[in-house]
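To begin, one chain is listed below as structure tokens, in the form predicted alone.
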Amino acid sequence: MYEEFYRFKEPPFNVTPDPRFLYRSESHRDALAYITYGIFQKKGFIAVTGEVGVGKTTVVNAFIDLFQSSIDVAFIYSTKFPFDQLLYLVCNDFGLDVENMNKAQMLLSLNRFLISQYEKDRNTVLIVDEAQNLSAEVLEELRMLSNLETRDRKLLQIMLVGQPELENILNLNEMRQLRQRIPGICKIPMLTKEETKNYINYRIHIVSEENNGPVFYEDAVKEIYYYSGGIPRLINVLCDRVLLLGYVGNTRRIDGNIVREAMRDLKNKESISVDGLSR
């Protein structure tokens, strides 16, 4: 709606995890380095945690984009299944025909695939998003899945991505065998106030056709930071509404007043949604 007014090629604050928009804060650079090291050093297991909306999936997608020519990936989002169904999803995502196979047959098919990948010098990666929802039984099965290996390397690299609860689960006594296989857990924190400012400017720069786009004043950034707590997804939601109000008000100068008005709009919208559900 407001792209033409600001001379944007596309909206800058979509909430989809598009790696083009990854603002590489220090913690996001560290996470990308951790993932790259763990995968290419064949560590078998790595784990990435962070609050909802902090950018975990965006970092993972950035890794995939960077190394797509040398890795094959299965990306699993549905984690509330028993292991047999999860294994079916994994095989299906790797392009294996395992229809009507039992668990043992699927494991044999997956093992043959991984050996073939190894012979081609391909790096095969299983990414499990929302991993905090995995049951202890499924996590143990995944640990056993990581036993598919040659004498000198793991055939399958498994990345667990989840909310902070995942770390609590991995630190349980009954999870110690799995935890010992993970070379540290990478935690992605929220952005600082300065990083929030840089994040906003970076996303606007990515979509701007000219250098006369919107300007966010310091008081605006301050309000955005305290509203969002430095969580990129919340920054996106608020900034999208802020730009809409700037467009309606025919101004490219974004100050604290516009941000506070946007916050009120979002709060009212949230209240209407809750009221509607309660009726």
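Quick note: we count residues from 1 along the sequence shown, nothing fancier. For clarity, every value in this text was computed on a predicted model and none was experimentally measured.
Same protein, other form: the form predicted together with a small molecule, not shown, and the subject of what follows.
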Exercise. Could you tell me which of 91 to 99, 114 to 122, 176 to 184, 198 to 206 sits within 4.5 Å of the small molecule in the predicted bound form, going by non-hydrogen atoms?
Key: 198 to 206
Quiz item: Within a 4.5 Å heavy atom cut-off, is residue 248 in contact with the small molecule in the predicted bound form?
Solution: no
Quiz prompt | Proximity of residue 241 to the small molecule in the predicted bound form, heavy atoms at 4.5 Å | solution = no
Quiz item: Within a 4.5 Å heavy atom cut-off, is residue 130 in contact with the small molecule in the predicted bound form?
Solution: yes
Exercise. Look up in the predicted bound form whether residue 16 has a non-hydrogen atom within 4.5 angstroms of the small molecule, and give yes or no.
Key: yes
